[in-house]
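Take a look at this one chain, the form predicted alone, written out in structure tokens.
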């Protein structure tokens, strides 16, 4: 640590480390209710991804300061979250944060979900080390202030974040569906030109398709819950495909339109269509970015992986992941 960073720390500088995994929405969260802090306009159903992770280390300091993957980050992005932690725990502590991801940051792989979930754990421990830890629901509420989808990333396995809810909840633990796999395809490691937050608000304010998107959310969310309960990949994959495509339709209707797709994204979508036509389970989904994630099952990986590798880079293969937790190590995302 450089002397300038060390100077920000208080005399004790006890560190608190937490690790969390990103939450991939299958039925999408896209749009916020007015009058609240990251309150979802739509119910989302999601899976936590085990091979991707964010690891944060937090120390008490004389001022708030954040480094992300070794680079200084704009602290203003984190201030509402830090203030929420201090208010909830009646603390005046300031936070020195060092955060790393083992996957591209701000590139459409939900790094903010895992990052703020880990921060909620580590900052709450740092702000009040001698009190009973906050419940998962309370931590979910805090994480939501930093990033909406972080409310889900506190929980492993499969989650629901209901319309207007202040916290997410777990539907099933990771062990519910051990055969499920999510193939993560990387089209670009570059940060997005338009942040998810900006794109979401632009869509809400200007797209004529946003209101129908919100109005028609309940049925897909319920269908996804039923498919998850029965471990029915064809039903789940079908509703997940419809959800991401309709989400992007709302973005294309914004003024100006938001388009994250790259030619490689389209090629991967077409390849999944070909695989399904051949009887292979390959159901793609996307978030606010160019990356494509493909839902399949373990027994179909032998057919899915080489076919997808022909059109894009296979970054890693994930299973349903664990809860966010204090402590833990972080490894490179394996292929």
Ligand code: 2P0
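Numbering follows the first chain given and starts at 1. Please read these numbers as outputs of a predicted model, since none were measured by experiment.
Keep in mind that the form predicted together with the ligand is not shown, yet the notes after this line are about it.
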item	value
Triple contact flag 21, 153 and 323 to the ligand in the predicted bound form, non-hydrogen atom at 4.5 angstroms	no
Option touching the ligand, based on a heavy atom within 4.5 Å in the predicted bound form, out of 200, 183, 224, 126	200
Candidate from 140, 250, 112, 159 lying within 4.5 Å of the ligand in the predicted bound form - any heavy atom	112
Options 304 to 312, 272 to 280, 25 to 33, 49 to 57; stretch whose heavy atom lies within 4.5 Å of the ligand in the predicted bound form	25 to 33
is_contact(residue 284, the ligand) in the predicted bound form, heavy atom dist at most 4.5 Å	no
Contact label in the predicted bound form: residue 238 to the ligand, heavy atom within 4.5 Å	no
4.5 angstroms heavy atom contact with the ligand in the predicted bound form for residue 265	no
Contact of residue 101 with the ligand in the predicted bound form (heavy atom, 4.5 Å)	no
Sequence-ordered residues of 288 to 323 touching the ligand in the predicted bound form, heavy atom within 4.5 Å	288
